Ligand code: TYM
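Starting off, we have a lone chain in the form predicted on its own, written out as structure tokens.
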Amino acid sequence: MSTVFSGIQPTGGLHLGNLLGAVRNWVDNQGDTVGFFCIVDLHALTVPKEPGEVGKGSIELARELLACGLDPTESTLFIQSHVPEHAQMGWLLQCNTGFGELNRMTQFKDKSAKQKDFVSSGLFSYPSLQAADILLYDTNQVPVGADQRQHIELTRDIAVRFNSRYGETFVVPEAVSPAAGARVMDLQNPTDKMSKSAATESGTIYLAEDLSKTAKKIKRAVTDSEVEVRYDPEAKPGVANLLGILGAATDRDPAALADEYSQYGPLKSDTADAVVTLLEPIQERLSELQQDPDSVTAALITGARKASTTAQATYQRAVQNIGLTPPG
């Protein structure tokens, strides 16, 4: 089976875009792939955080991922800092990454421009740590959106360079596109992806928010001044977003769904109902896990142990191939 790696930062709760674009695919593919799913708390430190903020967010994120259906007996769910080889391998790969390569990363340019007072060196070099995250697990496939493809290409370049310098060490991974329906847009700004960092929460649906609030957000979603319902992301991004969400929530084709509507009101109402139906069992499971924190802790301990087995072997292979002096 193919090995799949995905990482997610513990910065705010999961939203509908995370669920439909990534997490649901992780859950559906359990048993068909070897899945490593990492809460990348070290990456969250690339921008200033309050003491304890990242730790609390990591536990909340783990709880939400488990509530969505990640099974710790079938997948490996763990926190990045619980496996020291991530940081250790990150340094080895940073030493095999060019300054110019990092300087070309568009995400660094975008994020650093928003941080006027302090830009950490970690924000600049974190693609090397991201490469370590992926390469530690002999990953074959990395599901990513368009905004992360540049980083996966860099990971591939680093792996090929390391293998050329020190001998065959890493599997060279491939970026794979998520399944259709994965691109969920902001309900108020449908040309932008749904995001935790949006200027307002009115366009973002959080998995743990009150479901009556969820329904209201969808019913207030931006459409356009026309009346025709059709799936056209370029000309009608708001309507296409609603159709895409409805299609993803009901496993139907968005373009085919458009033929069933002649007005925006019923489309919004049906989309709200479908999303509420999708989120209800997740919220029920989330409530159960909130009452049983030990089960979340146990799942993370199990995941870290499983991840460490593979990560330690890969790290030792890299160290041996470089020719560092072994301890003892």
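Between two forms, the rigid core is defined as the largest C-alpha subset superposing within 1.5 Å. A residue's number is simply how far along the shown sequence it sits, counting from 1. Since the model is a prediction, treat every value here as computed from it, not as a measurement.
FYI, the form predicted in complex with the named molecule isn't displayed, but the following is about it.
- Residue contact check for Ser6: one or more of its heavy atoms lie within 4.5 Å of the named molecule in the predicted bound form.
- By the criterion of a heavy atom within 4.5 Å, Arg63 is excluded from the residues contacting the named molecule in the predicted bound form.
- Although the partner is absent from this view, Leu136 stays clear of the named molecule in the predicted bound form, with no non-hydrogen atom inside 4.5 angstroms.
- Taking the partner from the other structure, the named molecule in the predicted bound form has no heavy atom within 4.5 Å of any heavy atom of Lys268.
- Exactly one of the stretches 69-77, 243-251, 97-105, 148-156 approaches the named molecule in the predicted bound form with heavy atoms within 4.5 Å, and it is 148-156.
- A single residue from the set Val229, Met194, Ile218, Met89 has any heavy atom within 4.5 angstroms of the named molecule in the predicted bound form; that residue is Met194.
- This chain is drawn without the named molecule; in the predicted bound form, the residue among Val144, Val171, Ala198, Leu123 with a heavy atom within 4.5 Å of it is Val144.
- Within 4.5 Å of the named molecule in the predicted bound form, a heavy atom is found for all three of Ala22, His43 and Arg183.
- Residues of 13-39 that come within 4.5 Å of the named molecule in the predicted bound form, judged by any heavy atom, are His15, Gly17, Asn18, Gly21, Ala22 in sequence order.
- In this overlay on the rigid core, Ser197 has a C-alpha that sits less than 2 Å away from its partner position between the shown form and the other one.
- With the core held fixed, the Cα of Gly244 is displaced between the shown form and the other one by less than 2 Å.
- With the core superposed, Lys111 shows a C-alpha displacement of at least 2 Å between the shown form and the other one.
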